[in-house]
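Quick setup: one chain, the form predicted on its own, written in structure tokens, and binding and motion questions come after.
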Amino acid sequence: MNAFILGNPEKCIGCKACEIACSVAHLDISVVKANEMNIPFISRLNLVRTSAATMPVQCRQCEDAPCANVCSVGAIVHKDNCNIVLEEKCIGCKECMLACPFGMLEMQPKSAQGEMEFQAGLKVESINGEQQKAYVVMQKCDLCTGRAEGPACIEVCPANAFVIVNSEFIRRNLNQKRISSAQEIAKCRYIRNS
């Protein structure tokens, strides 16, 4: 079973520490150098604010992933109990964005060592003449795969608003629900028999 991260709207304080931590965790250079080079900080999760709730939302790592199922080039694969985007295969067609039921995939500029990558042939016409077109790829939560400390958003959240939903978490919750159900049924029978 794929693990995923779930935010709790009852605990979230809307501080955006999770977005910042996610951005920093996915930089391939230091934060200081990224700032000096004016590289945008791009998060793979989104803090959603509505009148009813404030909550971080990110990829649910679907078992039968609609994004992977529609990807015509096979750029979304299952690895380390997680669905990840192989940026080198992504052609930026946006099929996966449309298929995601949670709206959690976004096109982002591709960079290496802090330098934006540009397409070889496609140019952009502007008032300044033809310019190189940035190479953009799909990005989504990868559970900070390869990060020794685990997901950065969980580590920095001051409100402990995140939980990793995995098979153990689900098993515990199902057992608690079953026990509660059994107790309610037993209580109803006791009341009827009294």
Partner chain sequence: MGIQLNSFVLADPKKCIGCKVCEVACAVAHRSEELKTVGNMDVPIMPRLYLVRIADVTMPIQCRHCEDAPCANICPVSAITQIDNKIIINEEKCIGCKSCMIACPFGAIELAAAYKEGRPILQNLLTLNSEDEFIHKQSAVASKCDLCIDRSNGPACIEACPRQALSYENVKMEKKRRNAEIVSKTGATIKNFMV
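Numbering follows the first chain given and starts at 1. Computed from a predicted model, the values in this text were never measured in an experiment.
The form predicted together with the partner chain is left out here; the points below concern that form.
Contacting member of C144, V165, M55, C157, with respect to the partner chain in the model of the complex [4.5 Å, heavy atom]: In short, V165.
Per-stretch contact check against the partner chain in the model of the complex, the hit in 63 to 71, 147 to 155, 45 to 53, 121 to 129 (non-hydrogen atom, 4.5 angstroms): Among the candidates, contact is made by 63 to 71.
Whether V77, R171 and I179 all lie within 4.5 angstroms of the partner chain in the model of the complex by heavy atom: Yes, each of V77, R171 and I179 comes within 4.5 Å of the partner chain in the model of the complex.
4.5 angstroms heavy atom contact with the partner chain in the model of the complex for A112: Output for A112 is no: heavy atoms all beyond 4.5 Å of the partner chain.
Non-hydrogen atom contact C90 with the partner chain in the model of the complex at 4.5 angstroms: Although the partner chain is absent here, C90 would stay clear of it in the model of the complex, with no heavy atoms inside 4.5 Å.
L86 within 4.5 Å of the partner chain in the model of the complex, heavy atoms: The answer is yes: L86 has a heavy atom within 4.5 Å of the partner chain.
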